[in-house]
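What follows is one chain in structure tokens, specifically the form predicted on its own.
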């Protein structure tokens, strides 16, 4: 890993123009790592563009640089392109998938099942967040975090460790968070207040409709929650406001696996899985064309809600517990 980090740091030092992207439906790590990398690169004099196929969720729009994220790709060449937290290259979206005007592609990820599509692939499933890989590179360049870089990378770590509650919250996560807090002059409470104490009202209204769908199977070891298209229409909420919904069933005593059924189209559902550690849900997700981590993954299933539940519950029943 050290050799690859130095290789990337050398490429960063030599480049002038950089493109950064991450996955569709970006979460806190995708946003935080992308904007943190952009802030670091801008601070050392690079020309940076951040492209995301989907808008920055409302929850993360307080982060510096979020207003500069573009759904378009400029008509220019780039020395470097960074793809962050992606798992599968196709998740960058159609525009970036078709884009080839870069000299070198760097893939940073911590998904166990990540494809190696880059010229350099820095994939470390032991890293708690992709934001930590960005921080390793910044430090290898001799960079001391400014506020903009620090707050973005801190949010990446904070959100992907569940505020340091998940099993991936290792020593590096705590130590790096401390470094970012100190170097960037961050106020931990102010950040937590923005993330957890300033939720849009429509998110809570959407959650209020979703919670009654809570369902338990396999003698209470598996629980699910569902969001349907009609719920978005009723509340005015968008899909980005469902981030974290999958954790509510997992928080119930006795539940080992949580499932989130999120309707995308009339006969298509995104299925998210979370585990407390007993079950490797990345294996489950692969059966549905997806992937992820041991304790967090997702995939797609076609059919009515009843058909999708039957398929997914059947796959869960077939797992060796």
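Keep in mind that this is a model prediction, so the values were computed, not measured. Residue numbers count along the first chain shown, from 1.
Omitted from view is the form predicted in complex with a small molecule, to which the following refers.
**Student:** Heavy atoms within 4.5 Å of the small molecule in the predicted bound form: which stretch in 105 to 113, 67 to 75, 148 to 156, 210 to 218 meets that?
**Tutor:** Heavy-atom contact with the partner occurs in 105 to 113.
**Student:** Taking any heavy atom pair closer than or equal to 4.5 Å as contact, tell me whether residue 87 reaches the small molecule in the predicted bound form.
**Tutor:** Heavy-atom contact with the small molecule at 4.5 Å: present for residue 87.
**Student:** Is there a non-hydrogen atom of residue 50 within 4.5 angstroms of a non-hydrogen atom of the small molecule in the predicted bound form?
**Tutor:** Result no; residue 50 lies far from the small molecule in the predicted bound form.
**Student:** Does any part of residue 91 reach within 4.5 Å of the small molecule in the predicted bound form? Heavy atoms only, please.
**Tutor:** Yes, residue 91 is a contact residue.
**Student:** Does residue 57 reach the small molecule in the predicted bound form if we count a contact as any heavy atom within 4.5 Å?
**Tutor:** No, no contact at 4.5 Å.
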